[in-house]
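To begin, one chain is listed below as structure tokens, in the form predicted alone.
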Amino acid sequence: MMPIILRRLATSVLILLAVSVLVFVATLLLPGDPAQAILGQQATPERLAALREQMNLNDPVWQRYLTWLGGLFIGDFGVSAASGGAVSALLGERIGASLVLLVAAGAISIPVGLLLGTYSALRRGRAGDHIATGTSLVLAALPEFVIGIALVTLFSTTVFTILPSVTMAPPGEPVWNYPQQLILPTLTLVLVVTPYIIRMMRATMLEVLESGYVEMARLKGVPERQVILKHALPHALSPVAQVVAIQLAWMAGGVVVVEFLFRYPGIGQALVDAVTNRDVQVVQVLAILIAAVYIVVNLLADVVGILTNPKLRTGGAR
């Protein structure tokens, strides 16, 4: 089992390095002069030259990439060209705010999706199954901004006015001090992610319940509760872990739209501001951060899939 995990880890490191090259090259291909975009059209040649030197724009491309990559390894993310402050200090609170939002959404969507998917499989063809599958199909077809706008319309404007439509925490104060402002963005992410988990868990559970080893356990007189918990559920979790990982990884990128919609002070709003201000250093760090989260979550899903799949465990042991 350990060689399989080590191979996955090595592959993840190589993918992350490749992503870092793509992110760096993509920022180089952005049109216009970064120094000119920051200082404006009225900037003097001397100020432009000084800012280009500060941003290392005069160095060869390969040297700029290695300097940037080396800084990432030691936690030096550079200096924001727009604000003049360290990128790490600028993004510290934003990352914390997004982490709170993602953890809250994941803590709700994963258990709810697994439970509803299992319930739907066990009640196949009944009313509960039809309601769960129909609702999940409708929600899965809607983009996150449509769900967010619908929630704002329902709970903040037209029908009810019980929740704030945007985040209005004072600057410098943690957003979790105002939990009511977390409800709508968290609920939006939950409603986007949960349907996919429900549908995958239902399909996988149905396949496992019809398998030979489950039928054999039932023929031996094993109680149905034990059949589900000890025989069916562990085999169903392995493929579902991949879907959960994809959805969690999507949240790392999809949170950009949700945060922009609710004016939530996280990495999504920071990325939009950085692109608007042509703050290349911030864009690079946020892009590689989102990619790293995606890769790490998928790596953890591979590990969970190996640990919950007896075939992979015994195959790795051999």
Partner chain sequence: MTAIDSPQLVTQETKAPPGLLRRLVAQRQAKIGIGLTAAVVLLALLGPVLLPVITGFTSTEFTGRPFQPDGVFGTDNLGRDVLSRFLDGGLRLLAYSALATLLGMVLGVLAGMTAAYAGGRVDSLIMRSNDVLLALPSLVFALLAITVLGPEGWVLVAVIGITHAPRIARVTRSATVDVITEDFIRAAEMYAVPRWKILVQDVLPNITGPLMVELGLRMTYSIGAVASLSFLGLGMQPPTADWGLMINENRIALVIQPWGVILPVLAIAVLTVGINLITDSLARAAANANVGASK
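None of the values given here were measured: they were computed from a predicted structure. Rigid core (definition): largest C-alpha set, two forms, superposition within 1.5 Å. Numbering follows the first chain given and starts at 1.
What follows is about the form predicted in complex with the partner chain, which we do not show.
Visitor: Is there a non-hydrogen atom of V152 within 4.5 angstroms of a non-hydrogen atom of the partner chain in the predicted bound form?
Guide: V152: contacts the partner chain in the predicted bound form.
Visitor: Might L29 be said to contact the partner chain in the predicted bound form, defining contact as any heavy atom within 4.5 Å?
Guide: Answer yes; at least one heavy atom of L29 falls within 4.5 Å of the partner chain in the predicted bound form.
Visitor: Even though the partner chain is not shown here, does F260 get within 4.5 Å of it in the predicted bound form, heavy atoms only?
Guide: Close contact exists here: in the predicted bound form, F260 approaches the partner chain to within 4.5 Å, heavy atoms only.
Visitor: Find out whether any non-hydrogen atom of L137 is located within 4.5 angstroms of the partner chain in the predicted bound form, and reply yes or no.
Guide: Looking in the predicted bound form, residue contacts with the partner chain include L137, since a heavy atom lies within 4.5 Å.
Visitor: Given that the partner chain is left out here, which of L163, V146, L72, L206 has a heavy atom within 4.5 Å of it in the predicted bound form?
Guide: By the 4.5 Å criterion, the partner-contacting residue is V146.
Visitor: Please state whether every one of the three residues A18, T157 and V256 places a non-hydrogen atom within 4.5 angstroms of the partner chain in the predicted bound form.
Guide: Checking in the predicted bound form: A18, T157 and V256 are all within 4.5 Å of the partner chain.
Visitor: Aligning on the rigid core, do we see the C-alpha of T67 shift 2 angstroms or more between this form and the one not shown?
Guide: For T67, whose C-alpha is compared between this form and the one not shown after core superposition, the shift is less than 2 Å.
Visitor: Aligning on the core only, does the CA of V280 end up 2 angstroms or more away between this form and the one not shown?
Guide: It does shift by 2 Å or more.
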